[in-house]
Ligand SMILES: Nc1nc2c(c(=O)[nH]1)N[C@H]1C(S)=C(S)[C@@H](COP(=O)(O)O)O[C@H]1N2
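Okay, so here's just one chain, in C-alpha cells, the form predicted on its own.
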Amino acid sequence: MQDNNKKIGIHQLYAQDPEAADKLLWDREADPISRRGFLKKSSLLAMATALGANIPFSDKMPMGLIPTALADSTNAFNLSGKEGLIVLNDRPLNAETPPHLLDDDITPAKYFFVRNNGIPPVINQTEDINQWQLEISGESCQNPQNFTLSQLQKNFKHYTYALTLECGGNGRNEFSPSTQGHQWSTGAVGCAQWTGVRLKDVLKACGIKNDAVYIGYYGADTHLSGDPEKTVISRGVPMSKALENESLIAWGFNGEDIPHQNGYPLRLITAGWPASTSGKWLRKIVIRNKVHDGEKMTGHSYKIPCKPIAPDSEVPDHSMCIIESMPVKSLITFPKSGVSHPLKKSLVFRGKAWAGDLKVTKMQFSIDFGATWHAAKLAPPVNRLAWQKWQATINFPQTGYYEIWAQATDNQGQSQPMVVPGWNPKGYLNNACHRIAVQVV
C-alpha cells in the first residue's frame, strides 16, 4: 500500500529525476534549446524564500540543479586523529573532508580523507615497526626479496614529494540515475608531503624481467567477512607508471608517520591515478607479465565504459576500460559555502586544482551559472602531481543569492564540465564544476 505521507530528501528527489524535481519543487520549465530553466514569478519567490535571498541570475540556472545552499551537509563524526570529516560508512570506514577544510597548501593528517575496503590491521604498540616486512616477487621478478622497513630506509635514497590522492568515486553522489558505492561528495581528495623511496629503485634492485608489464600490491588489511584467505583489494599500475620518479614506497606523511587509517606504517603511492592504486598497509608488491588480476582489478571495478553509453545501460566486461589518469578538477576551499557577504565589499576566494598525470593551465570562475566566465590567478604546482593553488576576486552587482562556480582546464585543453559528465555504471570520475553559495546583503 502506498504511503502518501512518506517524505524523501532533496538529494533523493533530484537523484530520481532532476528535471521532474525542478517541476515539482519550483514549477520550473526548461528551454528546449538552452536547457536553462524558466521560473514563474511565484516559483522564483518560492526558491528565493528557501534560499533566503533573491537570485540575480535565475534565468541562467540550468535545469535539474540543486542550489548549493540546499545541498550542503555539515554532519561530522569523531575519529581518532581526524577532525570534521563526514562519515559515509563505518564498516569499512570511509570519510570525506568538507571543501573548506582543504584550504591548507598541504593537507594536514587530521583533514586527510579515509577510504577503506576492509578492516585495517591492528598494530601492537610493543611491535618493532622497523621489522615490518615487504615482499617483492612475481613471475617477472628476477630476484625476489624481502625488505624490512628499516632496510628500505637504509638501503635506498629517500625522496619527498607533495602528491595528490583522489578516490576514483569522488563525486559519485551527483550521478543520475544513482550508482552503487559510497556516495562521495567532493571531499575524497587531499595533497600531502609523502616521504619514502622510489618504487623503481626497489624494483630494479630485485630485477625487472623484459616481459614485465604491470605491478600489483597486497596489504595487511582484513576482509570484512573475517576470512583470512580472502583478499580485500589488490590493484596495480602499468610498469610505466610504477617507474615514474614520483611513485613511492612511503612511510612518511608531512614529516611524521603515516596516519594509521591512511596506511601506517608503509604505503604505495602512485599519485594522479585513482587512490585505490596506492595500496595501504603494504606487505607485498608483485611484478607481473600481464595486467594484474587481483581483487578489484576485474569486472567493473575501477573501470568505465570504453565508449560513452546511455544512463542505466548494462555494459559487458570486455567493453570496460581500466581508469588510469584522473580527470581535471578543482575545489573552492575558501570561503565556506553559505557565507553572507556585504554588497559593497570585494570577495576574495580561493581553492585547489589538479589534473591527474597532467597539469592545470587555466582557472576560471562564474557567478551567473556558467553563462560567462572570468579568469582566476593560478599558481604552478610545487612539484609534478601536486595540486595547484588558485585565487580570484569578485564584486557582486546587486544583493541576492549567488553561486560561485570554479572550472579548471588542463594542459591538453580538457576543461571541467559545468554539470555531471557521462554516466557510468560505478559512478566514477565526476569532475563537474564545484560551486559554493554566497548570500550578498
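Predicted, not measured: the structure shown is a model, and the values here were computed from it. Residues carry their position along the shown sequence, with the first being 1.
Keep in mind the form predicted together with the ligand is missing from the figure; the text below concerns it.
When contacts are judged by a 4.5 Å heavy atom cut-off, W354 does not count as touching the ligand in the predicted complex. The ligand is not drawn, but in the predicted complex it has no heavy atom within 4.5 Å of W251.
Interface residue remark: F349 is not counted as part of the site for the ligand in the predicted complex, having no heavy atom within 4.5 Å. F112 belongs to the set of residues with a heavy atom inside 4.5 Å of the ligand in the predicted complex. Checking P327, G118, P98, G216 for any heavy atom within 4.5 Å of the ligand in the predicted complex turns up a single hit: G118. Of the candidates R267, K303, R288, R172, R267 is the one whose heavy atoms come within 4.5 Å of the ligand in the predicted complex; the others do not.
The chain is drawn here without the ligand; in the predicted complex, the stretch among 311-319, 140-148, 232-240, 127-135 whose residues come within 4.5 Å of it by any heavy atom is 232-240. Applying a 4.5 Å heavy atom cutoff to the ligand in the predicted complex picks out R267, A275, S276, S278, G279, K280, W281 from 265-292, in order along the sequence.
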